[in-house]
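Read the single chain below, which is given as structure tokens and is the form predicted on its own.
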Amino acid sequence: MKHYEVEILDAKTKEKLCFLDKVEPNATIGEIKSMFHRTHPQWYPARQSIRLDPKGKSLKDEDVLQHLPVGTTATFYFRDLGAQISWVTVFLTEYTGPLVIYLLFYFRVPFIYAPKYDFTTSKHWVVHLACMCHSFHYMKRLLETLFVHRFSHGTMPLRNIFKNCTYYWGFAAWMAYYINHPLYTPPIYGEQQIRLALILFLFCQIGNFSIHIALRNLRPPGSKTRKIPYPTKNPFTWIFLLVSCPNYTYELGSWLGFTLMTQCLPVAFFTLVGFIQMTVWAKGKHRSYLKEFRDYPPLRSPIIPFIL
């Protein structure tokens, strides 16, 4: 059996960082990263980007050496991705913040509103309903992170957590300040508007959870396998017939329901910003599906059926 020689160069300076002798032909990029880590302990595998070209795309951990367009002396280029943090930790941090922050405003702890309102409660039942819905949403996200989601990438750059937390925590504080404010006024159409909004919110929360379960069942534990998601016996998954990312569709519907329920401008703005970001993600995933699967259903749109 022939063996490979692998040299790893710095993608910026072209300096030789490592030379690996007698590497098995069936060695994966993940295994080469582990070998590189042994010679450079400061760069653990998760923060390594190994590529064939200094400006090219990162190779996947599961790529096999003998299947790559390289000779028996293979040259790879290394980039440091920076300190990494697990996706689970990121999600738990992102979602715990809004849950706690909102409750601080709901209970009107001191130094938020005027002293005479400390630890008082709102006279409007929609304020209490909004708190329950907001808390339910983030509790659901936390539980899904722990027990449902299977991540294709184990880590993300540590610096991103500060940006993500600023987004989620900041919007939670902004929304909570106005919804729980002593001068808050209920929606203009009263009880009918609130009940309709609650139905929309709960419907979309159940739909979102159903999609997450369906996506989880597509990927065996410990695997990075990608398959085309199709509707299951659960009616909430039938939207897969029309969109590629129905989890985002349902998420948008949940926040539209919360906006209608509270009739609060910061909530509407959060919904708009979230919709723009989810549309970017959905379009990217839709393009990825089309590129990877030749038999991908042509009728599907990224996030909104027949429109977007």
Partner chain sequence: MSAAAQGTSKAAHGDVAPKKKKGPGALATAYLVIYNVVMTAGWLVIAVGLVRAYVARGSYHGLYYSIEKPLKFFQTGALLEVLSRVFLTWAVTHSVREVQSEDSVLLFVTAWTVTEIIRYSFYTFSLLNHLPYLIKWARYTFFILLYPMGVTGELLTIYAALPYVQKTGLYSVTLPNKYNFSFDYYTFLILIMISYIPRKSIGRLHFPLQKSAIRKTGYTG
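Positions refer to the first chain, counted from 1. Remember, predicted model here, so these are calculated numbers, not experimental data.
We do not show the form predicted in complex with its partner chain, though everything after this point is about it.
131, 139 and 258: each with a heavy atom within 4.5 Å of its partner chain in the predicted bound form? Verified in the predicted bound form; spot residues all out of contact, no.
Consider residue 117 of the chain shown here, and say whether it contacts its partner chain in the predicted bound form, taking contact as heavy atoms within 4.5 Å. Close contact is absent here: in the predicted bound form, residue 117 is far from its partner chain, nothing within 4.5 Å, heavy atoms only.
Evaluate residue 29 for contact with its partner chain in the predicted bound form, applying a 4.5 angstroms cut-off between non-hydrogen atoms, and reply yes or no. Heavy-atom contact with its partner chain at 4.5 Å: absent for residue 29.
So, in the predicted bound form, is residue 178 in contact with its partner chain at a 4.5 angstroms heavy atom limit? So residue 178 counts as contacting its partner chain.
Quick check on residue 265: any heavy atom within 4.5 Å of its partner chain in the predicted bound form? Although its partner chain is absent here, residue 265 would touch it in the predicted bound form, with heavy atoms inside 4.5 Å.
Which one of these stretches, 68 to 76, 182 to 190, 81 to 89, 96 to 104, sits within 4.5 Å of its partner chain in the predicted bound form when only heavy atoms are counted? Going by heavy atoms within 4.5 Å, the stretch is 182 to 190.
Which of these residues, 236, 209, 174, 168, gets a heavy atom within 4.5 Å of its partner chain in the predicted bound form? It is 174.
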